[in-house]
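Take a look at this one chain, the form predicted alone, written out in structure tokens.
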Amino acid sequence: MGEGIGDYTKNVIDLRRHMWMAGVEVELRRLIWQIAVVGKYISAKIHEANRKLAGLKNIYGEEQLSLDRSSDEILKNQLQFSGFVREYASEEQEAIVKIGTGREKYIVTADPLDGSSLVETNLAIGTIIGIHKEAVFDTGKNTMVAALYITYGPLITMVYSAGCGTHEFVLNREGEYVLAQENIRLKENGSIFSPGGLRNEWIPEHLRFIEQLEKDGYKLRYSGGFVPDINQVLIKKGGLFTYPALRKSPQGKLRLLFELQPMAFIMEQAGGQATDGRTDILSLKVESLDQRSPIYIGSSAEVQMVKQFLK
């Protein structure tokens, strides 16, 4: 790395400089930067919606749908003429959209506004992005080259990995993403857990695992938003998020391509792990855009522990 990259007292390192110093290839760092800028536009849309929602509960459902669609359109339109993206796949689109000339290097997957239903209660939400070099219908290990997420909360933060560690940036008052933490590393064990799904819908093996965490003194931390809950595990440098197989939904709730692959990529680069309970998330082959999977993601000790319970 370049001189002074960890010395926050002497140098403010912005996103572009960090990627250059980290050796991220030119086209990839320009694409990541462009997506980070799109986060500013999405944030502005969220604030605009919040102003409309103040005291006007009856328009909430319509405004939420508008936010989802607007975020998707902003992303797609900004990437369409980037020169780096040939295909765009989104939770808001029924099929993969060809947006380039066909000669571009990357495919972008997106959950444009994860947790939009939380806007009404003023909780943090986010954007999840995966960047692939080949067709997405394969394993993440074979196709992914980078991933990032943006959290819209009291601070707007961006966490990215291009295969050389996991790094956090904060959007400052000048509109620059500046380095907050470089090479985030999870501890082997954490002390928090975020369990999704209704308890009476959990399968017995998962229930016994959660009960063991409770016996071990783990603290419950669950917001109902995938991005803020993953961000909490990462920034606290340990713990576990899970949305398991349920009795009525054996494949869980979260989508493999749009949500789980990017977060698994980021978490593994921070020394963590991600599994469906048996197989690493990045080793699962994507068969369809709507494919879902159970997820256990976070510190390595907890992920290995759940494999023993589910075995």
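What you are looking at is a predicted structure, and each value in this text was computed from that prediction instead of being measured. In this text, residue numbers run from 1 along the sequence as written.
One more form of this protein, predicted in complex with a small molecule, exists but is not displayed; see below.
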Is Phe137 one of the residues lying within 4.5 Å of the small molecule in the predicted bound form, judged by heavy atom distances? no
Spell out, yes or no, whether the shortest heavy atom distance between Ser117 and the small molecule in the predicted bound form is within 4.5 Å. yes
The small molecule contact in the predicted bound form: Lys285, any heavy atom under 4.5 Å: no
How about Gly153: is it within 4.5 Å of the small molecule in the predicted bound form, going by heavy atoms? no
Could you work out which of Phe226, Tyr177, Tyr160, Phe209 is the residue within 4.5 angstroms of the small molecule in the predicted bound form, going by heavy atoms? Phe226
May I ask you to choose, among Leu254, Leu67, Ala245, Ala36, the residue with a heavy atom within 4.5 Å of the small molecule in the predicted bound form? Leu254
Only one of these stretches, 246-254, 24-32, 266-274, 37-45, has heavy atoms within 4.5 Å of the small molecule in the predicted bound form; which one is it? 246-254
